[in-house]
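So here's one chain in two forms, each on its own in structure tokens, numbered structure 1 and structure 2.
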Structure 1
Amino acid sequence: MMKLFDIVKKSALYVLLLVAALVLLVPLVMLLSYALRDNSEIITVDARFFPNNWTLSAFFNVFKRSVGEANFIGSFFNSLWINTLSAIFSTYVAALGGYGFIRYNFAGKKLFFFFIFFSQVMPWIVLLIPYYSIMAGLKMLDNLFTVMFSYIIICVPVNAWLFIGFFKEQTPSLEEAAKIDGCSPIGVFHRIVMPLAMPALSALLLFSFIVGWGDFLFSSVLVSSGRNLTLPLLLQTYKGMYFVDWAMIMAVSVIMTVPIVVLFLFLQKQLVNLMTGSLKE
């Protein structure tokens, strides 16, 4: 009887997981479906789930068409380099902060922890107005480094909070052994701690990259010229006064989604474990 109950329980769980997966996949399938049709078929009242006439014209137009200084290739590389650098820098700084918080005692440690905690409950949009005012005063608006720095400001506290939880679970035995052998604190961090923390680093690099990759709010306020547009901002150039090129919007959205999906498939285990605080060495 118990065996039958366990089978039913597992079957019900699998069915729920399958339903949840389908619910999450339907928007992605619809996005791809609309990217593979032309605008006349998108705006019709008789639109179907799958296109009647499959076409890649929207994807070809994405690479060929430009609006003033804005074009897909330029926007893609703008998004790529600022998000890659911000993800690497914010993750490294957060790792230093989280490790130092756990392994060392220093003045203001409790205050430091409070500020990190407070940053978790404060909406990111609260930072936008003061940040804009500061950058306007420094004449650094319409600058990709300003956008990159905003992502670093957002990600460092979150990553530091997660690193604190990660390093708290790690025993310092290998670090102490390395110090006995004459390794400096910085050497211990780079040669011992960083390799052991590679799963956490990978997961938080992905998280930090996603934060900026899909950002529209901060970049739309800080960037104004076409040459500095990121991919989310490029989407608004396909909207005119009398016409919206939905096919190209869908095509760019598909291209933006692919790298995130691929990265998440490779790193989903580390990311989920880290978020639940159960990531081990």
Structure 2
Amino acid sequence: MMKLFDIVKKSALYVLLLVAALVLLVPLVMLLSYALRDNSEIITVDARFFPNNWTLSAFFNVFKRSVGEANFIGSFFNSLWINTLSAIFSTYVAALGGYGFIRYNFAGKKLFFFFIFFSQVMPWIVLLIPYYSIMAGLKMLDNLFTVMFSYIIICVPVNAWLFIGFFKEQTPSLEEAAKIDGCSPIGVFHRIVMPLAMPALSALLLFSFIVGWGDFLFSSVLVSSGRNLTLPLLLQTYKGMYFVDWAMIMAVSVIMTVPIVVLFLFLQKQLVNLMTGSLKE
């Protein structure tokens, strides 16, 4: 009798597992399957889960076609450089600040912590309106640096908060030893603390990179000309008033998604460790 119960329990577990796996996986498979077909097999009342004719034509079109000054290569590199720089900069400054926050005492520390926490949870749209108006006043609209800087300021509070949690768990013994050997605090930070924090750093670099990589809110407001389009905005241009080039949208989506998912798979553990670190008391 007990054995039967165990079998039922086990199979219930696997049914649940299968359902969960399908729910997670199907949209990604759907995305790939959409990207590998013609528009004629997308915009049809008889759309199938898998196409009848597999084709890479959407990917070729993505590279060939340009709308005005906008084209895929340009947008790809726009997105790549602004997000790479914003990830490096925001992660570095946050690491420096998070480390200082844990190792040193200063006036207003609690208020500072509260503000860091608050600036990561406040609705970004509230930040965007004055940011837009300030940048309009400075004649800095439609400028990729303005977009990059907006990503930096939305990434920094989250990263700093996570690093504060991370450094709270690290014992300073090795740092003390290096200081006795005559290393300056900044030297200790760069030669000892940063290399030891490498797993956390790489996870956070990726985490910051994707903030702008998939952003529509900030870029849609701050960018207007074709040569400054980022990838999310390029996707929007494929969505015309009368015709939506779904095949191209899906092809660009695949290019935007697959590398990120692969990197996430490698860095998942580090990312989870970093985030749970900030939740510990």
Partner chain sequence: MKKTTRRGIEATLFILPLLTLVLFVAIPLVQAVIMSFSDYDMLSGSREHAFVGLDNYQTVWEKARFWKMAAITGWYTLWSVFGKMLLGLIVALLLNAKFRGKGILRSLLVIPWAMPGIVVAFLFTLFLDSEYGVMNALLLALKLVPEGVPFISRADIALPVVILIGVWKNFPFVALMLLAALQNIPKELYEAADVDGAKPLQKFFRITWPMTFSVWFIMLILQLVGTIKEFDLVYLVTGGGPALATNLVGLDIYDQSFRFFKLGIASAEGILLMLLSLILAFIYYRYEFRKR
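Residue indices: 1-based, along structure 1. Take the two forms, find the largest set of C-alpha atoms that superpose within 1.5 Å, and that set is the rigid core. Source: prediction; values computed, not measured.
Participant: Since only one of the two is the form predicted together with the partner chain, can you say which one?
Facilitator: Of the two, structure 2 is the form predicted together with the partner chain.
Participant: Please check if residue 264 moves between the two structures, taking a CA shift of 2 Å or more relative to the superposed core as movement.
Facilitator: False for residue 264: its C-alpha shift is below 2 Å.
Participant: Enter the rigid core superposed C-alpha shift of residue 12 between the two structures, rounded to one decimal in Å.
Facilitator: The shift comes out to 5.9 Å.
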